[in-house]
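One chain comes next, on its own, written out as structure tokens in the form predicted on its own.
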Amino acid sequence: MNTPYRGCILRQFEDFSSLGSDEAALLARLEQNPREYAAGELLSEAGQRSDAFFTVTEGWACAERVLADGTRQVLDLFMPGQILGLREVSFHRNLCDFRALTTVTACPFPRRHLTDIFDEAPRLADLFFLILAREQSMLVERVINIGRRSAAQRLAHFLVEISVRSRQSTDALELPLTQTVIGDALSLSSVHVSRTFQNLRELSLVETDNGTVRIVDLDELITFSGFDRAYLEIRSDWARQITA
């Protein structure tokens, strides 16, 4: 009997349902042919034909839009186990750039082969839909965060979300992002990000040291930011369940 595949992408799918060994083996196809990208390198470019998506197995990447005046909006952050480019699945060309923020290992997967996986394991189509729905809910929450919260609340909310998504087991949050990237995700200048971190330190909510953020009081940070994790907890009881 073959040992079930245990790649990091399983974590994303197992948020919604247990997986059978055949389903896990099919997902292994998404983590074949790994390629390394240097920090700052484009995985895929806006306007480029959208023939593949990527499974991130190591490092952090982002989706970004660069405007005519050179300003940038970071739309999404991708961590190990996430699928990059799913929202482009309905378009012939990429709507944004996908860029490595750290050294990234990612596996390109031809979009045309996705239906092969669904034909062999139809239940995985349900789980892909749920993952896409959660990505959409995170994007909606980011719009609210940028549009209706103060700079300090935005940053606090961002830190709580990253802590939840990265499944931190301690209060020390590894954050391998520059203040420029954080600012571009929150529509703040890098100088404003620096001042806002100082604000959170003065409120005794966080401490910072060389790329590590220590959350001093998670409950207070949640209250201060207005964070409600419901947008990360997609309802999945309608999806087909695993059978014996």
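What you see is a predicted model; the values in this text were computed from it and never measured. Start at 1 and count along the sequence shown; that's the residue number.
There is another form of this protein, the form predicted together with a further copy of the same chain, and it is not shown here; the text below is about that form.
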* To do: Identify whether a further copy of the same chain in the predicted complex is within 4.5 Å of every residue in the set Phe54, Ala151 and Glu202, based on non-hydrogen atoms.
  => no
* Any chance Gly59 has a heavy atom within 4.5 Å of a further copy of the same chain in the predicted complex? -> no
* Within a 4.5 Å heavy atom cut-off, is Ala172 in contact with a further copy of the same chain in the predicted complex? -> no
* Asked: Taking heavy atoms only, is Glu31 within 4.5 angstroms of a further copy of the same chain in the predicted complex?
  -> no
* Asked: Is there a non-hydrogen atom of His92 within 4.5 angstroms of a non-hydrogen atom of a further copy of the same chain in the predicted complex?
  -> yes
* Asked: Is any part of 119 to 158 within 4.5 angstroms of a further copy of the same chain in the predicted complex by a non-hydrogen atom, and which residues would that be?
  -> Asp119, Asp126, Phe128, Phe129, Leu130, Leu132, Ala133, Arg134, Glu135, Gln136, Ser137, Leu139, Val140, Glu141, Arg142, Val143, Ile144, Ile146, Gly147, Arg148, Arg149
